[in-house]
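Take a look at this single chain in structure tokens; it is the form predicted on its own.
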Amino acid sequence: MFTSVAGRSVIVTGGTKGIGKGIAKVFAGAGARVLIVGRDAEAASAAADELGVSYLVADVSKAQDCVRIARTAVERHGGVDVLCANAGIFPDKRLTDMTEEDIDNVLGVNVKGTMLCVQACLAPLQASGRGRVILTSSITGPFTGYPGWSHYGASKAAQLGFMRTAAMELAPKGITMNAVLPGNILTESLVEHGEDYLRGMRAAIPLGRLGSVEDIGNACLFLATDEAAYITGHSLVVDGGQILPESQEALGLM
């Protein structure tokens, strides 16, 4: 039996939809006091009502907003025990058509936003005595590639580079930092691609199904427990075995 996280203060950036909402749902279900963060006020309010959590409208790519996120969690929930730095964007754009603004937007949210959120939460995480930082990276970038996502893949690999050094700097403060790397997870944005796309994605996964947002939330919950206190600077792939096959032919031999 894992130690309960009930009553602990948890921030989930990008927590108004998709994977972030799933993470928030799992932590709220475990009794944590959750603050979800997003840029869309209507979506944030609706998600907060549905999950029974608190919300804040903020942009993680802005340093002052990240400071406000940390301050709000302290004011509402008495501190910060867990930061789930999940906010991310993944616009589709081929390298031949990509603009400087496209690159800046993706790196600004996915990399800079992650770093700023961690930086802003350092003091309350240290004061917690059991601070946890959990990044949402991806298999795309660190392990795989997908046409149209070169800027996204670069940002997700960069998060892991940041994590490895930051984990060393935070260890003396009693804070651990790890990352979850989702594979293909069934979210609203994935459904929009249609059933043919989903069928193709399922066919590439040894377990034969797309992941759920709760699958990612459960991985984050584990990394936030007391039992995971000796794990830091590591990446947990949650992909149903997607990165394992050497080729499509390997799946046909199963």
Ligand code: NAP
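The model shown is predicted, which means the values in this text are computed figures rather than measured ones. All residue numbers are counted from 1 along the displayed sequence.
Just so it is clear, the following notes concern the form predicted together with this ligand, a form of the same protein that is not shown.
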property: 4.5 angstroms heavy atom contact with this ligand in the model of the complex for residue 156; result: yes
property: Partner proximity in the model of the complex: residue 38 to this ligand, non-hydrogen atom cutoff 4.5 Å; result: yes
property: 4.5 Å heavy atom contact, residue 214 and this ligand in the model of the complex; result: no
property: Contact flag, residue 190 vs this ligand in the model of the complex, heavy atom cut 4.5 Å; result: yes
property: Output flag, 9, 82 and 134 jointly within 4.5 Å of this ligand in the model of the complex, heavy atom basis; result: no
property: Among 120-128, 74-82, 166-174, 179-187, the region lying within 4.5 Å of this ligand in the model of the complex by heavy atom distance; result: 179-187
property: The unique member of 219, 70, 58, 53 whose heavy atoms fall within 4.5 Å of this ligand in the model of the complex; result: 58
property: Residues within stretch 65-99 having a non-hydrogen atom within 4.5 Å of this ligand in the model of the complex; result: 86, 87, 88, 89, 90
